[in-house]
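To begin, one chain is listed below as structure tokens, in the form predicted on its own.
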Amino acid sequence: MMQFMLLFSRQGKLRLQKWYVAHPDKLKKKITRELITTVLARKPKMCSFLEWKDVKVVYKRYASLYFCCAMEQEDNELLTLELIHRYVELLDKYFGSVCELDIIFNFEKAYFILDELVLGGELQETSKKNVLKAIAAQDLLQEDEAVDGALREVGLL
């Protein structure tokens, strides 16, 4: 089971975090700070798997962002690496060549895509097509609500 996922920039700025195991906020901040420092200190040619404290960490850099997952010792590192790649593919399809600014300004969509892919730290949906359908349905629902709100505002509904 995945314990948490972090997305951070090459400068060490946290862009997205999803925790699947409960920790106090102070501990989350400490873990995040230490892990970002550890990953950024590693050389580019080094392995993307590392054992850190009582978890295994899998990370992958895409452009200016690091995608980093912590998982239990008995979990498969390659499957986690594939999950990271699948998430990046979904972000690319949704945003059209995703970049750090897409994550910053549309973080709620990035979280929604992750929630469609992973539930409770376990892979929920492997089909990119099904995830993208769910996202499209959510976008449509949000647009309908925005239109209804605008019509109420002008007194037409």
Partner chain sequence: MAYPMYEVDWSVLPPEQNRRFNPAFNIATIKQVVNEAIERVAPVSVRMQTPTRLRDLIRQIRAARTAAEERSVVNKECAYIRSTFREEDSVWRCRNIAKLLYIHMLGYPAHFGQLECLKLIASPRFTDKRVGYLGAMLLLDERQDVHLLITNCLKNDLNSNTQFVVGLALCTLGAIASPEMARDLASEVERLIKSPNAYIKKKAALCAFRIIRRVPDLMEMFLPATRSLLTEKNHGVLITGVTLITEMCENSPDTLNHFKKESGQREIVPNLVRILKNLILAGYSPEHDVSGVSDPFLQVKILRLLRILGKNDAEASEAMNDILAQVATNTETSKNVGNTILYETVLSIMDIKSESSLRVLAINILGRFLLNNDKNIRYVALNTLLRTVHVDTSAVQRHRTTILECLKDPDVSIRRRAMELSFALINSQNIRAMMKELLLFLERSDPEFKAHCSSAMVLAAERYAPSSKWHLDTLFQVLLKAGNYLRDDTVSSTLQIVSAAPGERQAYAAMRLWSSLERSAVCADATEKQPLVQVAAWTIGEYGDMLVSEASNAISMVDDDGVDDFTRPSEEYVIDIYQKLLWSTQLSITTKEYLLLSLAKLSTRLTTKPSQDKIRVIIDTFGSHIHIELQQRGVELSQLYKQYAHLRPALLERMPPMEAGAPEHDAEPEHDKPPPEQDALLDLIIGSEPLSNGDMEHAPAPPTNNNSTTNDILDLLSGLDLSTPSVPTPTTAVSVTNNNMATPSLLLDGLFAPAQPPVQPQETVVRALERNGVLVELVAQRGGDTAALTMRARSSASTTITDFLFQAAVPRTFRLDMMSPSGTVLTPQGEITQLLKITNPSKTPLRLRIRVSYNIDGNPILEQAEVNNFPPDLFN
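Numbering follows the first chain given and starts at 1. All figures in this text were calculated on a predicted structure; none of them were measured in a lab.
What follows is about the form predicted in complex with the partner chain, which we do not show.
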Checklist line | Non-hydrogen atom contact residue 123 with the partner chain in the predicted complex at 4.5 angstroms | finding: yes
Check: Can you check whether residue 40 is within 4.5 Å of the partner chain in the predicted complex, heavy atom basis?
Finding: no
Notebook entry, point to check: Would residue 36 sit within 4.5 Å of the partner chain in the predicted complex, counting heavy atoms only?
Noted result: no
Check: So, in the predicted complex, is residue 154 in contact with the partner chain at a 4.5 angstroms heavy atom limit?
Finding: yes
Check: Counting only heavy atoms, which residues in 3 to 31 are within 4.5 Å of the partner chain in the predicted complex?
Finding: 10, 11, 13, 14, 15, 16, 17, 18, 19, 20, 22, 23, 24, 25, 28, 29
